[in-house]
Each structure stands twice: as structure tokens, then as C-alpha cells.
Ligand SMILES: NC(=O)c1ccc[n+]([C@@H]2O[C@H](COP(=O)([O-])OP(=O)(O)OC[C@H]3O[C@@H](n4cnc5c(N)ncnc54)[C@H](O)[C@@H]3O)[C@@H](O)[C@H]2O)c1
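Take a look at this one chain, the form predicted on its own, written out in C-alpha cells.
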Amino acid sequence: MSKTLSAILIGAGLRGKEYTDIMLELGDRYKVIAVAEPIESRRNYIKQKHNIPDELCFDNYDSLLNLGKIADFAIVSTMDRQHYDPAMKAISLKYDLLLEKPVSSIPEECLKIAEYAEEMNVKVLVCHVLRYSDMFVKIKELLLDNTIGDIVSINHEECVGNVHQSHSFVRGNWGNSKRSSCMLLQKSCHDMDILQWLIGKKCKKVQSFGSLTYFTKEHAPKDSPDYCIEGCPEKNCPYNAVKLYLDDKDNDWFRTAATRQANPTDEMVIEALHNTQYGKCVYKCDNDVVDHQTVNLLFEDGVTATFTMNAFNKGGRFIHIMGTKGELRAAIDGESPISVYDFETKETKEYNIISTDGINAGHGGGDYGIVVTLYDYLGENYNGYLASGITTSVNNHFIVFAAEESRLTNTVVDLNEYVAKLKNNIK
């Protein structure tokens, strides 16, 4: 395919900005022609970056979609609980979609989006960007080459990072499940998708344990104020909002998230630290999502996997894949090599994977990788192994929803029974 694909952007926050910035880097492959975003500074950033005329810049997606289908595909990168309506309306216009994960915070909505996309014969690529990262692409290639034989079991860790947890999942948009969704869906639907993709078989049963234990009011320093900027007696707190958002001038991610502005000034940050949760004591927010969780998974043919998500670490992902001919270990940090031990030769071979710098480095190259793959996926004859259709993505979301049900009910959930019950409920 050699044509330029035109796109409309619905939601110009950090993810929408990232994808469209990369599209601009890719030259003639993409052209962003319209944007819908309620925050003016974010909308104007996209307008100026992509030279979009005033008449194609909107503060709501209804006005944009009311124009009918004006582009080849739509990017839906609104907040988690705001995916369903614009996605369904775009599908009704026969837009193909690049849809930010999760598909929806509600399992029934996930199912409806998948079924409607298939009915309308449109392609929906969900932004499980880790599939496209340099490290996981190489791991998948090694597995396809039968380097370690048949997979028997996988141990996989997501180390969220203590500061990342405080920013996104305590103070931030994803700290409260009623506003967004459970922690596992927000942060680790990537990982459930990765595990199923690497194993290449269906998940049958799920069991999970986890809770919120530390980021609670019981752990607040004595005499600490509600807002860090008011002066806290605990001088060495790693979560001090003034240090994280105001003093650190280079952390654009934190500063733009706190202010909801594209190019925030210190004055904007100070106002946010006085008036939003980003400035609150990390132990006094309204967060309710877990800060650690484990998931046990049973796949077809007896393949097992364990997954651990935990906030109390520096950050990173680590995977150990055990096969019939060898084992593979990797730290998904953009620096460490993949290590493969061969049972027959008793030798260990290393594969160095160094993520590229700059724009390509997002999610270990995954942000760049998915945008590149999208171009081929929207063509007529895609035969790659990175992208998956919306039904596969939603089925992997169901692993997450089943894990949360298991955690809350202290049961082992049969995934086939869970999905059958779900489908029956929406008939």
C-alpha cells in the first residue's frame, strides 16, 4: 500500500498526542485532518502541529462525527469510560479504528464493540503497544522459531514503579475504579494480551489475589496537610508533589497531566498542586485500586502462567518462559539482553535489544511500532503476526475481567462460563 491514510483524532491527551506525533514523523504514510478535544490547549497543539483548518477542529466528538466519514480511520484516545460511544458512532460510519486500551471499562461494552465492528466489517486495532516493542517482537520471533520448544509455563512480572503508581493510580485519572476501571484492566491488560499472544492458546481458568495496602490514610505522616504544597513535616517523602511536579522541570508527562495543559507554566503547576488531587498527600486521595495483585492462569494443553503486578519497585517488566527445549529470560527495560538457555547444548545465548532513542522509545519502541504496523494492517492483505483483530483483543480483556471477579469473590473463574454468562446477559 502506498497511499496516504487520512485520520481523525478523538481525544488529544497524552496518548492521542503520541500516536499523531509519530504519524507526522512517518511522512507521507499518514495525514491527520481533524481533531475533537474539549481542552483548548491540547486541541490547538494538534491543530498547529498538523496544520488543521479551524472548521475541522471541534471541542466534542459528536460535531466531528456528524460530518460523516471524512477520513480513512479514526483514532479514539479518550478516557477509559469514554471509549464506547465515540467508537460505536465511528464504526457506524464504517471508520476503521485505532482504539486506545482498554476497549472499555465495562465487559458488556467490549463485547458490543467487537460484535458491531465485525458486523460492519471494519478493522479495530487496540493499542496493546507492548506487542510492538523491540523486546517483545524479538521474544515472539524466538518462540516462532521454536528456540525453546513448546511453552510449558511463564512467570511474568509488571513492576509498576512506586512513583508511577502514585502519579497515575493514586493521584491520577486511574486511581479510582468508579471513574476509570480496576487496576488490572488499566495497567495490565497489556500483559494479559502479551501472555495469550506468546502462548498462542486460549485461556481456560483464572484465579487472582490482590489489595490496596499502602496508599491509604493510615500511612500518612503525622500532622501532614492534605496538600503537599502546604508544607509537610516528612521532608524525605518520595511522593512529595512539589518535588515531583514543580521542582522537576523536565518531567513533561507529570506536569501536563497535572495541569491538563499542553505546555504548562510553573504558575499552572502551582495552581494544580493547590486545587487538584495531583497536589494531595498521596495517602489522602480517593484512590481505591489495588497496589499489588497476582494472577494464576491455565491455558489449553495445560500451559500455565503466573502474573504479578506490584507498585513497590523501581519499575520495569520481567519475563521467564520455560519450554520443552530451553528457557528464556528477559527484562523489558530497553537495555538488558534476552537470555536463552538450551537444554541440549547447555549453552546460554544472549540477544541484545536496545530501544531506539527519542520518539521511537515510547513503551520500548511499542508506540512507534504500532503506528508503523497500523499502516500495513489497514491494507488489504495484512499477514503479519503482530496485530490482532478486535475479537482477540476483547477475549484477552475478558481474562482481566475474570481475574477481577476471582479477586473479589475468592473463586477460580472458568473463562468459557464467564463469557457465556456475559453474552447471555446482553441478549
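Numbers for residues come from their place in the sequence shown, where the first is 1. Bear in mind the structure is a predicted one, so any value in this text is a computation, not a measurement.
The next section is about a form of this same protein that is not shown, the form predicted in complex with the named molecule.
Considering only heavy atoms, tell me if residue 202 and the named molecule come within 4.5 Å of each other in the predicted bound form.
No, residue 202 sits far enough from the named molecule in the predicted bound form that none of its heavy atoms falls within 4.5 Å.
Is residue 33 close enough to the named molecule in the predicted bound form to count, meaning some heavy atom within 4.5 Å?
Heavy-atom contact with the named molecule at 4.5 Å: absent for residue 33.
Even though the named molecule is not shown here, does residue 325 get within 4.5 Å of it in the predicted bound form, heavy atoms only?
No, residue 325 is distant from the partner.
Contact between residue 401 and the named molecule in the predicted bound form at 4.5 Å, heavy atoms?
Residue 401: no, not in contact with the named molecule in the predicted bound form.
Let me test this: is every residue among 38, 78 and 127 within 4.5 Å of the named molecule in the predicted bound form, going by heavy atom positions?
Heavy-atom distance to the named molecule in the predicted bound form: all three under 4.5 Å.
Only one of 230-238, 262-270, 170-178, 298-306 gets a heavy atom within 4.5 Å of the named molecule in the predicted bound form; which is it?
Result for this chain: 170-178.
State the residue from 24, 14, 412, 419 whose non-hydrogen atoms include one within 4.5 Å of the named molecule in the predicted bound form.
Comparing distances to the named molecule in the predicted bound form, the residue within 4.5 Å is 14.
For the stretch 95-121, I need every residue with any heavy atom inside 4.5 Å of the named molecule in the predicted bound form, listed N to C.
Those in contact are 100, 101, 102.
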